[in-house]
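The chain below stands alone and is given as C-alpha cells, in the form predicted alone.
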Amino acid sequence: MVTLLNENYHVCTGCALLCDDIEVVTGSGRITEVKTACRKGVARMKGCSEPMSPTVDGQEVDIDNAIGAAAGILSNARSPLVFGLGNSTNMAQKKAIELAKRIGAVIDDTSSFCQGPTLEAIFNENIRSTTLDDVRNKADVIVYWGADASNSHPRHFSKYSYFPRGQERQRGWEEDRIMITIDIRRSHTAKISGDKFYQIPLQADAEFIDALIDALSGKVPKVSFGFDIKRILELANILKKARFGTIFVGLGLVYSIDNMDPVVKLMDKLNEMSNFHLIPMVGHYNMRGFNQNLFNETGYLNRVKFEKGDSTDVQHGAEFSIVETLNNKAADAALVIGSDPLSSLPRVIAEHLLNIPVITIDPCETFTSRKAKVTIPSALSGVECGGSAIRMDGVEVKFEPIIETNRPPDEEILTRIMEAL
C-alpha cells in the first residue's frame, strides 16, 4: 500500500538548511518518492542503498554484542577519540559529550578544519549574524564569498536568499535584490550573479578585503594582482547602500585566510555605514548544533580534551583536533559517529585509524565502517527517528520520524554503550 503524506510537511536533514516543506510518498516501509527537496535531500531521505548489520571484526553479530565490544574498547583505551556528530540530533550530541567526559576522550568534529573559525566569531559576538528568515524577508544585498550554494545548498537561492518574495522585498530578485559572488572561479553561483561576479586569484581574499576596506573608507584601493580598481569602488558603493546586507561565507574564504580578523574588520567597517550580517555556509545538517552544544558545556566549540573522572578539567587547543590527534598518533581508540574520516581526510593523516580499534555508528556503510573493528547501524535521523537540530543560522528545528525502523537512534546506542562501560 502506498500512502501520500500530503497533510504534513517533513524536515530534510540533507544539509544545514533543514528545509521544512518536504512531501514524501511511502510504501512497504520505505520512502519511495520525495517531493520539493533538492537532489541532495532526495538522496538523504531515500536512505542507504544497502542496509548494514552490526559487526565485530568483520563478522555479523547482534547489536548487544556490538555494543558490548564497543564498550570494552572504550573502557580499555587510555586516549580515546570521539569524532563526527554533524549528522546526529542535539540529544545524541549531548549524550556523546557526556560519554567523552566519562572516558576522558578528545572530542572533535569537522568544524575544526572548516567553518569553526566563522562560528567561533559568531558565538563570541565578534561578528553580527542573522536568520535565514530575515534574509528572505529583508535582504537587499546578498554576497556569496568563496561559496557555491548552487551545488552545496541547491535550495538556498529559491528558499531564502535571492529569488523569494520577502515581506520587505516583494519585487524579488528582479528589482529588490542584488546578488554578488566573490570567488576564484566562475562557479554556477557566480553565473547567476552575472556582472556582479568578482573573480580574485587563489589566496587573495585577505588582500581583496583590505582593498575593499580602503574603498569603503574613501581611499584609492590597492591590489597587487591587477584587479580593476573601478570595480572595487563599484562594489564598495553597492555595499555602502545596503539596507540589509548578508555575507554567506564559504570554505573558499575560510581556507584562504589565517584567521577571521580580516572578516571581522570588514564587517565592522560595513556596519559603520550600512547594515550587514554574516552566515556560515555550514554543510552537515547539525554541525552547528554540535558546536553550540559543546560551547554551552565547555566554552569551546571543538577540539576539546576531557580528563577521565573529572568533568570540570577541560583542555582545548589545536593539538586536540582530529587532524593533529591522528597525525601525532595520540589516539589509541576511536568512536566515529555519522562521519567518514578515512574518506574525507588525507591518507597520510587518516591512516592512523587503520592501526587502532575503531567503532562506527552510522546508518550507512562508509569506507571507515568497512575498516572498523565494530560497526553499529543506527536510525537515519529525520527519516527513521526524530529530534532537533540547529540550522546554519542558529535556529533550532524539530523533526519527527517518517517511517519505522528496528535500528536504534544514535542517542540510544550511546546510552547503551555508557551503561555497558
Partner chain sequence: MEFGKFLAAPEYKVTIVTYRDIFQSAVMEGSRFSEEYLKLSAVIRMDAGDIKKLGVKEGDTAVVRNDSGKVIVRVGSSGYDASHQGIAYMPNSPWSNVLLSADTGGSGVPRYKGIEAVVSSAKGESVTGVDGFLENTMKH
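No experiment lies behind these values; they were computed from the predicted model shown. Residue numbers count along the first chain shown, from 1.
The protein also exists as the form predicted in complex with the partner chain; that form is not presented, and the subsequent description refers to it.
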Original post:
Pick from 269-277, 212-220, 238-246, 321-329: which stretch has non-hydrogen atoms within 4.5 Å of the partner chain in the model of the complex?
Top reply: 321-329
Original post:
Among Asp62, Lys398 and Met418, does every residue place a heavy atom within 4.5 Å of the partner chain in the model of the complex?
Top reply: no
Original post:
Does at least one non-hydrogen atom of Thr366 fall within 4.5 angstroms of the partner chain in the model of the complex?
Top reply: yes
Original post:
Wondering, does Phe113 line up within 4.5 Å of the partner chain in the model of the complex on heavy atoms?
Top reply: yes
**OP:** Classify Lys371 as contacting or not contacting the partner chain in the model of the complex by the rule of any non-hydrogen atom within 4.5 angstroms, answering yes or no.
**Re:** yes
Subject >> Pro346: touches the partner chain in the model of the complex, heavy atom cutoff 4.5 angstroms >> reply: yes
**OP:** Select from the listed residues Glu234, Asp140, Asp340, Asp134 the one whose heavy atoms reach within 4.5 Å of the partner chain in the model of the complex.
**Re:** Asp340
Original post:
So which of Ser224, Asn296, Asn126, Asn151 reaches within 4.5 angstroms of the partner chain in the model of the complex, heavy atom to heavy atom?
Top reply: Asn151
Original post:
Does any residue in 237-276 get within 4.5 Å of the partner chain in the model of the complex, counting heavy atoms only, and if so which ones?
Top reply: Leu251, Gly252, Tyr255
